[in-house]
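First comes one chain, alone, set out as structure tokens in the form predicted alone.
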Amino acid sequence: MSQIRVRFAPSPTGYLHVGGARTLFFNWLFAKKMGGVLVLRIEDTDQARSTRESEKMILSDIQRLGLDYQEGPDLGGPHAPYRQSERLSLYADYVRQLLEQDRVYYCFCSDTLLTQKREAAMKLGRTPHYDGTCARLSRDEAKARLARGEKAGLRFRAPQKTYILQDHVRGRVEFKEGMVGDFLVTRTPGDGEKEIAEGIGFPVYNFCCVMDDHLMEMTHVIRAEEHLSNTVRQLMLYEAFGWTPPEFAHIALVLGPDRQKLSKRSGDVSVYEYVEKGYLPEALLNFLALLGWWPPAGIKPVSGHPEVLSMSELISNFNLEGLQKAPGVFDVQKLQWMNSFYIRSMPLAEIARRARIYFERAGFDLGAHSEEWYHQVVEVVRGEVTLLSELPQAAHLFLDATPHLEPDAKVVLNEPSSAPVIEAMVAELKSASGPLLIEEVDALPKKVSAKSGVKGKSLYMPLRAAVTGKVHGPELKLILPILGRESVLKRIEALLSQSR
């Protein structure tokens, strides 16, 4: 077999959608697994909606995910250019071939007329195929109308036969005879658009897609299920040119919690939004991989959890046979759980590096502390959060010079049994000097209990409330050494004053 070549072909109309990111990731995994090439192609023939700014946003999102490709608009390659808007003259050459072979004909029907024809057919319960009005025009009649300044697109004469697709996900798909009517390969140019060549019109998606996939030597097309209905038109074009189609894998849709196609009404939908909020790209990709694909049975991930796979494990286990027909539901709670798993298990130095921007945005001056101190803080609190963006708030007790007393903690501090506990703790802390070591903190509860005569919950709750202002959180033996003796004593005084 020739080298595997796959592509990701987004339209540049905004940030990268998470559904598109999953398609990209499946293509990336397949290329990595097979030692193949991933091509990034920008499908920007919809000139009314496509912008270079959106293209930059998509490239940035791909970079955020840590994914690479070997050919593309910014890298070049043997099949450049990789923007469809820069391939128009190439499309014109192939349209002329179809015109010369009488496989296409001029269609002068306006969009308004076509809409009326479609609606009329649907009211009669018929499949809304083109009715062949312009198919009956002779070539001379068409040329005469063009000479008079009329605009036209070119419509492909759809063969009346059944087409069979062997899809890696859907299996055998039969497109029955008459399923589609004559379809446009070029359309009448819109406002501000020009014909790609005289009497040719402006190319449409299905035509460009076939031209590019063939000329860029795609061996496999892994794309969303919503493109399956387009495939029969594309098979007709491959046949017309005598080309062998690539292998297809139409992956299941990604649905929102409401079981509808994932959209803004379900919450965030772009890679940019998720990464900005503090989701780790590795966690997001791991999560997306399991929406519509499942690894082979019997694998034992290094993480210890069957759904948390490293990038190398995802690559080595990915196969097209594992792609599922059933749609995947985008469960944000599961993504949050997976993200928290990654935050807890990723090397501390890496998590601290990635989290730094969120501390800076929260207004904390980390320059006032050593890197070691910062790492210790992150290590203590990272088990409490689901997002990187939540780390500054979780670390608030270390960074805020004025601690805040929560209502539950205030109730605890005002319990009669709490006063002797806090007095004993303050006395113990003042009985020594220098750094507050873990050994001293370990022995502190026992000494305080002996002095105050208080045990159990009535001992530990006031200790925590007096130092942190909260009744829940990391163990005191982790917190106190980082805060230091002087800071702890100041915090106790400040929190006690708030409790009165």
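Because the structure is a prediction, the values reported are computed rather than measured. The numbering used is simple: start at 1 and walk along the sequence shown.
Heads up, the form predicted in complex with a small molecule isn't pictured, but that's what we're talking about next.
Proximity to the small molecule in the predicted bound form, taken as heavy atoms within 4.5 Å, picks out 221 to 229 from the listed stretches 353 to 361, 290 to 298, 221 to 229, 388 to 396.
The candidate spot formed by 25, 29 and 286 is out of contact with the small molecule in the predicted bound form: none of the three has a heavy atom within 4.5 Å. Distance criterion of 4.5 Å from any heavy atom to the small molecule in the predicted bound form singles out 209 from the list 421, 209, 409, 343. Proximity to the small molecule in the predicted bound form, taken as a non-hydrogen atom within 4.5 angstroms, holds for one residue of 94, 374, 205, 202, which is 205. Using a 4.5 angstroms threshold between heavy atoms, residue 10 counts as touching the small molecule in the predicted bound form. Residue contact with the small molecule in the predicted bound form: residue 55 places no heavy atom within 4.5 Å of it. Contact check for residue 440: no non-hydrogen atom falls within 4.5 Å of the small molecule in the predicted bound form.
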